[in-house]
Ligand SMILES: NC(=O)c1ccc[n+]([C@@H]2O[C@H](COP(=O)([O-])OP(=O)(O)OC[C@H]3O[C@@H](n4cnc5c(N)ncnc54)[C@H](OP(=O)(O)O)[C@@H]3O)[C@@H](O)[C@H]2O)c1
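One chain follows as structure tokens, the form predicted alone.
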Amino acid sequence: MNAVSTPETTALDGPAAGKWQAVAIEGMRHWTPVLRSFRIPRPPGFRFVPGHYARLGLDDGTGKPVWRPFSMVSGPDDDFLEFVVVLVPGGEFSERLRSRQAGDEILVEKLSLGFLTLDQLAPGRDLWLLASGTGIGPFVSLLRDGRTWRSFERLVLAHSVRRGDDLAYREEIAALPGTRDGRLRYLPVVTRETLPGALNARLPQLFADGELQRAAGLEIDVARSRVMVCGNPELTREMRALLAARGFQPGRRGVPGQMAFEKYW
């Protein structure tokens, strides 16, 4: 799912009264039977930077909403908030969301949180964005933000999924000017089927073998590269170890580092 380090089975206390508001879902896109994205109006005064998440709530009529955190996919200047989610069979939030459509009500906390942001990184020349599944969400938000493009000379986005249909936002990413002029290298990775133009192994393996770097036409070097990783626990754990072995460090106590992580599970 697209929850930030929070399994579907974990209960979250809702925000205090007056800290959230009800809005109507503006649109819902079904990428696959279980993968969908949706938009809601951006509440007045709601502020965030790419990499932040908001807590969303769904009520089934009992007056006891189920709350889950989801990263924004929208850009920081958009007048809407967008989210992408995988529906987990039997998940309390997922089962409520499954029947929702445009016009239905959803609750949104007025506060944004999170640490998968550019502020966690020291200045560098190249930005690598490594995502699995719905971990693509905050990276799409980053690509929708002009600050990202001003901060780095080159960007590489690798998105690992099981099947080609799971490559959400693929067309939008491919249409970005940066993709056409070479500043952005988009690398789809599909692990359970063969897809023309896609790599076909897990991201840690591709990195360790050097295939990821060869496909990007760029080396990952601690002096110039900054890396953000967002995905399942295995991906984040393995990439953290591989990068640490090359001298990369996460930001600590306000001191920016060369790598940043978020677990989506």
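One rule holds for the numbers: they count along the sequence shown, beginning at 1. The model shown is predicted, which means the values in this text are computed figures rather than measured ones.
This next part talks about the form predicted in complex with the ligand, which is not shown.
In the predicted bound form, the ligand sits beyond 4.5 Å of every heavy atom of Ala208. By the criterion of a heavy atom within 4.5 Å, Leu56 is excluded from the residues contacting the ligand in the predicted bound form. Contact annotation: Val140 falls outside 4.5 Å of the ligand in the predicted bound form, judged by heavy atom distances.
By the criterion of a heavy atom within 4.5 Å, Arg192 is counted among the residues contacting the ligand in the predicted bound form.
Proximity to the ligand in the predicted bound form, defined as a heavy atom within 4.5 Å, singles out one entry of Arg224, Arg202, Arg29, Arg47, which is Arg202. Interface residue among Arg100, Arg183, Arg162, Lys110 relative to the ligand in the predicted bound form, by the heavy atom within 4.5 Å criterion: Arg162. Of the stretches 87 to 95, 69 to 77, 175 to 183, 100 to 108, only 87 to 95 has residues with a heavy atom within 4.5 Å of the ligand in the predicted bound form.
The candidate spot formed by Val34, Ser132 and Glu238 is fully in contact with the ligand in the predicted bound form: every one of the three has a heavy atom within 4.5 Å. Taking the ligand as positioned in the predicted bound form, none of the residues of 241 to 257 brings a heavy atom within 4.5 Å of it.
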